[in-house]
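A single chain, nothing else alongside it, follows as structure tokens in the form predicted alone.
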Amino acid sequence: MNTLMTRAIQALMVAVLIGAATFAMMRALPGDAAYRIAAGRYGYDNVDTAAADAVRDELGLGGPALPAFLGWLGDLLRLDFGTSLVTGQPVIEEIGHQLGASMALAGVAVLLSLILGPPLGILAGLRPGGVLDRVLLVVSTGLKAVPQFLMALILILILSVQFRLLPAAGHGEARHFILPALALALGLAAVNARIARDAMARIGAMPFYSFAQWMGLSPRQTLWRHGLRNVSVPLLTYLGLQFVTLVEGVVVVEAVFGWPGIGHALVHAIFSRDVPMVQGTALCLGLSFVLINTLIDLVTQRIDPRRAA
């Protein structure tokens, strides 16, 4: 109950801080907001001064900042995210269409990272200093050092342009998930592998692990009964921290691959100066971070052997 109450307070603070930060940054951007909004509505080729002035009069742009922000907070308390300045649709409906695509992509990326990283890390941790351990250190360090946008471009050049194995963009089929999910998953898998390796090496050196084998358990039985559960605790804990990296990556990777998710919508909303849309998408991403960490805290409390004892 204390954890849930703490997370609820954090969610409220996140909502206020994100709303204030995005509102201030959008106000501070140079250029004519009315012209950008009109361009988002009608296209840059069809915008002139008259169209920008019409948008400015319609939306009442250029008024005092504080009443506008307080009005947004009041609407938020009523669970009203406002209306998109470009499409005229409610922001909550716009986010509803895009959030599912982003969650699906993020889910596939996390699943791939868990399939690729921890098994290799556990095998390396069973024999610290071995060949696999040294190779994994080099590969994981290299993958982690590559920015996700660069990883996305490398995958496109190799798998789409050079070998024509996978589409460089698109949505709606299973094969469209592979490249963007890989671009997100490889960096996460590199970190997961190192965390699993360090945890396994530490646990394997503990007396209780050797005692289990001395009592007659095979190496596989010892790993299954005493190793995996202890490895999963730091792995799940760090998975919550990796969600920050995943959110940042989703924004970039969706823009590279043209994925119709919330990150792609956030980029377009910033270019179009669609302030309610920017605030809504940023708030959704921030609250998702709080929710994911709350769930991970609850799961960790259940599986941690030290707390279960």
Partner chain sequence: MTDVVMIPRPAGHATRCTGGVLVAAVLIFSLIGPLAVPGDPFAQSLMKALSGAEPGAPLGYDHLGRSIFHRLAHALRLSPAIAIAAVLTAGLGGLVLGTWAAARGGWTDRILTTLADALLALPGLLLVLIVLAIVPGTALGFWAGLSLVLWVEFFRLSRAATHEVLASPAVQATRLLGFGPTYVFRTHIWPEIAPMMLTAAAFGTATAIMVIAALGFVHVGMRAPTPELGLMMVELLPYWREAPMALLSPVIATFALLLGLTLLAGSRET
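The shown structure was predicted, so the numbers you read here are calculated from the model rather than taken from an experiment. Residue numbers count along the first chain shown, from 1.
This next part talks about the form predicted in complex with the partner chain, which is not shown.
Only one of these stretches, 94-102, 69-77, 198-206, 221-229, has heavy atoms within 4.5 Å of the partner chain in the predicted bound form; which one is it?
Selected stretch: 198-206.
Counting non-hydrogen atoms within 4.5 angstroms of the partner chain in the predicted bound form, say which of 145, 111, 215, 131 makes the cut.
It is 145 that has a heavy atom within 4.5 Å of the partner.
At 4.5 Å between heavy atoms, is residue 137 in contact with the partner chain in the predicted bound form?
Yes, residue 137 lies within 4.5 Å of the partner chain in the predicted bound form.
Do residue 295 and the partner chain share at least one heavy atom pair within 4.5 Å in the predicted bound form?
No, residue 295 sits far enough from the partner chain in the predicted bound form that none of its heavy atoms falls within 4.5 Å.
Find out whether any non-hydrogen atom of residue 233 is located within 4.5 angstroms of the partner chain in the predicted bound form, and reply yes or no.
Result no; residue 233 lies far from the partner chain in the predicted bound form.
Residue 39 within 4.5 Å of the partner chain in the predicted bound form, heavy atoms:
Outside the cut-off, so no.
Counting heavy atoms only and using a 4.5 Å cut-off, do 122, 299 and 303 all touch the partner chain in the predicted bound form?
Contact check failed for every one of 122, 299 and 303.
Quick one: which residues from 139-162 get a non-hydrogen atom within 4.5 Å of the partner chain in the predicted bound form?
Residues within 4.5 Å: 141, 142, 144, 145, 146, 147, 149, 150, 153, 157, 161, 162.
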